[in-house]
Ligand SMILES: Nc1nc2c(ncn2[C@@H]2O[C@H](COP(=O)(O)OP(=O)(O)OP(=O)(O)O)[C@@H](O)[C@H]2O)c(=O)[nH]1
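Read the single chain below, which is given as structure tokens and is the form predicted on its own.
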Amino acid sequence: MRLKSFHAPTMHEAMRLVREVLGDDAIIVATREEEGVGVRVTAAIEEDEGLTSGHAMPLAGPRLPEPLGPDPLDQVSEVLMRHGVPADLNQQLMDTIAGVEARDPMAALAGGLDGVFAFQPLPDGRSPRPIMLVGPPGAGKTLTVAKLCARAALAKRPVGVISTDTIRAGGTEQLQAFTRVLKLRLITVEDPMALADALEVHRGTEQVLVDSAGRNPYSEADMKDLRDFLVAADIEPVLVLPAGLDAMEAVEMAQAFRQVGARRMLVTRLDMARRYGSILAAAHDAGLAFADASATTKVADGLTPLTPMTLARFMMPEHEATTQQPRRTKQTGTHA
């Protein structure tokens, strides 16, 4: 295998150089933005098995005709770089997308996301276990509970609401204001035993939602306190994480909440961020499935269940989605 790096002002120009020099069989090994240069693409091509070490493969093959339009892979690669997706995850997505038969870049991106991530939106109806929203302070847990309550109220489904956020000033009052408008009863608890009793009150309710206090993922005391609440009853913790964080920070936070039982992640503040590489890295490295997303502070606008295509739309708002679903050579992700 022979590797060669290409520098160009844009990703499209760099990919054109790769095709000209190495041909269509070249494999993209890595892509990177470089200050003052533009982008650098490292590509590889297999050496001809019939050549010996003393007969090197010629540097350039025949000049290929310019494609009729932008290559979907080039466009997706630019999108991933713009969102700051870490290099290893970027390469994994691009390798997966290479097996997707799609001419539209959004469909190609959706196929790649489906192959790398799991998608498990929160249930619209009956939930087998109470759901506790957990996460760092200020992530939007209380607002998310209000949105889930509004969704249930609009569908005229019974829902139980419990708050364990008794430490933060105004935490319970904020949720009380929402539940009062929706004519829902809010139960406030201060300790794990009280939470178990509150859940018993709501036994038989289609869906029970539990708001929790923000926890510092780096504080052993905070995480132990959260764990005590979670083991008090059979509760599913769902991580609420805002977009726009540093990627490494988001990964470490997600891994901390994964250790207390979180298996799904609900993303907030998509309207306040323009780069989603951190939430992709957090879900991937912590092994979390994408649940829903919040892209507004308005309770009435609710949540968006995340699927590969809806996440692709968030990442590529400038493109229109195709109506045809991409075909995949291998499906490893799941979605509802």
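Residue indices: 1-based, along the sequence shown. Note that the structure is a prediction, hence the values are computed from the model and not measured.
The form predicted together with the ligand exists for this protein as well; it is not shown, and the discussion that follows is about that form.
This chain is drawn without the ligand; in the predicted bound form, the residue among 91, 174, 127, 188 with a heavy atom within 4.5 Å of it is 174. A heavy atom within 4.5 Å of the ligand in the predicted bound form is found for exactly one of 199, 143, 106, 79: 143.
Note that among 24-32, 276-284, 305-313, 263-271, the stretch whose heavy atoms approach the ligand to within 4.5 Å in the predicted bound form is 263-271. Contact check for 163, 166 and 217: none of the three has a heavy atom within 4.5 Å of the ligand in the predicted bound form. Mapping the unseen interface onto this chain, residue 295 counts among the residues with a heavy atom inside 4.5 Å of the ligand in the predicted bound form.
By the criterion of a heavy atom within 4.5 Å, residue 139 is counted among the residues contacting the ligand in the predicted bound form.
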